[in-house]
Structures are given as C-alpha cells and as structure tokens.
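A lone chain, given as structure tokens: the form predicted on its own.
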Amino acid sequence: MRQDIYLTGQEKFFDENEIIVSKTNAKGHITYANKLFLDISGYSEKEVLAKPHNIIRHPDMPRCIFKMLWETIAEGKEIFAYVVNRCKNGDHYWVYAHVTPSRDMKGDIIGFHSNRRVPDRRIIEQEIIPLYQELKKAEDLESDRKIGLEKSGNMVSVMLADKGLAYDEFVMTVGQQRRRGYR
C-alpha cells in the first residue's frame, strides 16, 4: 500500500435513504458508479471508470477483511461487510456493503455489484472500529505483509469460532451479540 495517502480525519455522511452503487468487472475494475458514489468519494466518473475499486480504499481498513470479501464473492457467494472508504480529498466514510457476483447467461461470474447503505453508528463505534484497529495493528506489526495478513486473518477465525458464527452471521448480528453478552 502506498504510504503517501493524505487523510484529513474528517468523516462524510450520506442519508439513510440513499444507496451507493458500483459495479466492477471480474478483475475489480469499476464499470459503473452511481451519482452518490461519485458525490461522496469526490471523484468524477472519468476518474473512476476502468480503475481498480481500491481507488477508494482507506489505509485503516484491515486487509484480511478485503481478502475474505474477495474470496467469498469469487466463490460466487454474496457477502455483507462494514467498510471505511477514503474520499479523493482524504476524508472518509463508513458503509454497510452488500457485494454480489454478476453472472452472464451461462452462469459465469463476469463482475461484481455492490450496494452500500448507512451503517448503524453504534455498531461502527462500539464494535467495528475497535475490531478493525486490532486487526490492522496485527497486520502492521509484521514487517512481512503476508505474515501480517495471515495473523489478522487468524484473529478473525478465532473470534468467529469463539462466537460459533460464520463471518456473514457475525456481520448480520453484531449489534444483537452485545445485547446477548458476546464480545
């Protein structure tokens, strides 16, 4: 990851009735971005089309979460995830993402479709940010990026095993788990 990424620390928000939409080809290059995607990210359509979707990747986002996301959708399954994205100007915004494979008439995966909604603020602040900070710290402590990724991935696996949940179940129920005494 580039080390020269500028961050403002300022968070942007969008309305709970709005949906950020993007589509990519099978290699993750953007083929469509709706107006809200462009407005909140600060990029023009020309700047994002045919570019890797990670153009909006925030450096605080744990790589193990993206690895899990890409492995899941490459298998043809859908996934939900909490993601922090970076705007062109260095601001950031949180989303609750639903990513699904797009298929051709033969059923082959030809790309991916993502809808992002406003996440529950309490879940972001109480659950996701602390978890992601732990995962990111584990990744960054290792000089070998591959070992750091493996370490953070193992942390997620252990957490899920302790809760008796698959990742999608964890994401769908994270707010309910605290009320039941998990974490």
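Everything numeric in this text was worked out from a predicted model, so none of it was measured. Counting begins at 1, following the sequence as shown.
Same protein, other form: the form predicted together with a small molecule, not shown, and the subject of what follows.
Contact with the small molecule in the predicted complex holds for all three of L69, I73 and S114, each having a heavy atom within 4.5 Å. Contact annotation: of the candidates N154, N54, N34, Q133, the single residue with a non-hydrogen atom within 4.5 angstroms of the small molecule in the predicted complex is N54. Comparing 123-131, 22-30, 136-144, 154-162 against the small molecule in the predicted complex, the single stretch with non-hydrogen atoms within 4.5 angstroms of it is 22-30.
Residue contact with the small molecule in the predicted complex: C87 places no heavy atom within 4.5 Å of it. At the 4.5 Å threshold, heavy atoms of V83 reach the small molecule in the predicted complex.
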